[in-house]
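Only one chain is shown below, in structure tokens, and it's the form predicted alone.
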Amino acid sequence: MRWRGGTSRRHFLKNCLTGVAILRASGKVPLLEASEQGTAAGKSRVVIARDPQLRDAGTTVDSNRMLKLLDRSVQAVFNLDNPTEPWKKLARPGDKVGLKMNALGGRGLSSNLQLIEAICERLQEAGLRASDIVIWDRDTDELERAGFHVSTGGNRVQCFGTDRVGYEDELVTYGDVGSRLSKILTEHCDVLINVPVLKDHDGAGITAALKNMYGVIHNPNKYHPNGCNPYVADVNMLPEIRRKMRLTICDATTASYEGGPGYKPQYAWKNNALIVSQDPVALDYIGWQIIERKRAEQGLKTLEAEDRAPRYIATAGDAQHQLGTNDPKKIVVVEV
């Protein structure tokens, strides 16, 4: 498979999120190293990029515009001008990189094929072998229904589900969680890039960066009581996940504000955006606010009023977990 490139630009989030600082990326911001987890001056950076012309007049995402949208967002996280350089901060040649996508929503509401292609293109330009990149989720059939072609072996990007290789035999534990991890994570990934979808969740409130890690464990159904709290935070504390996680690129090209996590067209909207951060807690907090604004536009109650606010986000940011921050005073949103 050959990955394509092209052009696009625009920006997103015209209205200020209450209590959250917003910067435009036309000016320089402090250089970020990968080890700093997306923070500068004690604040976590969440980059939001949008291209209203991403689909032009049709429904299919334009690959060329998607590549440029990805470049703008990832370069803004690291404050670098060259589109290849950020990827060199995330992985080195010889590393095995896993792109943990979300294929639950089929073609309507899964991690976008053109986005995954663009990420693979940049990783290869940064020196990684195609065969060292694996696109994955829990189930191979779900990947195929989302539009991906299964590929195993050979000198090409790999794509398959955990059902092909199974889970580890031994449980790993943290807090209230005890789970077996996907062998894709443990055996096929040195570096993990999280590529979730921004969407509503009928129990957890929203699902984006943090909850996408439920697709890494063998028993996610066990951890849905109490709005998935504290289970989402505890899953993300499992050492193999926390150690390998480098970046979240949240696909908000199509997002949902109600009826999730499955795809219900009447509750989805063409948002044409990416949300990128090295702080998954901050990213989820901002994603939550975006969904709440859309719900308000549609005349729906807040998630809090429906008793399904995503409380696991605060748990993930608490003193015990320290996976990031949900404090709006410590989050900087950068428009690009």
Partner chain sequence: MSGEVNAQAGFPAAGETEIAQSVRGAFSCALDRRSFLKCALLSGAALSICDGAQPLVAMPLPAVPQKRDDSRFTVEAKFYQKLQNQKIKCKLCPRECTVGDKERGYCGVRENHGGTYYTLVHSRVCAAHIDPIEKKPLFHYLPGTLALSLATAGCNVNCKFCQNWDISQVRPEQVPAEYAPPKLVADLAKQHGCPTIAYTYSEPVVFSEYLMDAADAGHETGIRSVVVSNGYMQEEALKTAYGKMDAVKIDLKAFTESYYKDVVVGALKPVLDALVTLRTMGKWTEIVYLVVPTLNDSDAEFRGLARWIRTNLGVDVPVHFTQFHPEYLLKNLPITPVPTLERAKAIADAEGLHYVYVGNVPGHPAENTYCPKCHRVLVERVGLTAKQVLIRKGACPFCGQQIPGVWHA
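Just so we're clear, the structure is a prediction, and the values are computed from it rather than from any experiment. Residue numbers count along the first chain shown, from 1.
The form predicted in complex with its partner chain is left out here; the points below concern that form.
The contact with its partner chain in the predicted bound form, taken as any heavy atom within 4.5 Å, belongs to 138 out of 138, 122, 96, 72. When you look in the predicted bound form, the only residue of 230, 261, 215, 86 with a non-hydrogen atom within 4.5 Å of its partner chain is 261.
Residue contact with its partner chain in the predicted bound form: residue 108 places no heavy atom within 4.5 Å of it. Taking the partner from the other structure, its partner chain in the predicted bound form has no heavy atom within 4.5 Å of any heavy atom of residue 80. Its partner chain in the predicted bound form comes within 4.5 Å of a heavy atom belonging to residue 169. Contact check for residue 239: no non-hydrogen atom falls within 4.5 Å of its partner chain in the predicted bound form. Shown alone, this chain has one stretch from 88-96, 245-253, 176-184, 113-121 that lies within 4.5 Å of its partner chain in the predicted bound form by heavy atoms: 176-184. Contacts with its partner chain in the predicted bound form, taken as any heavy atom within 4.5 Å, map within 182-205 to 202 alone.
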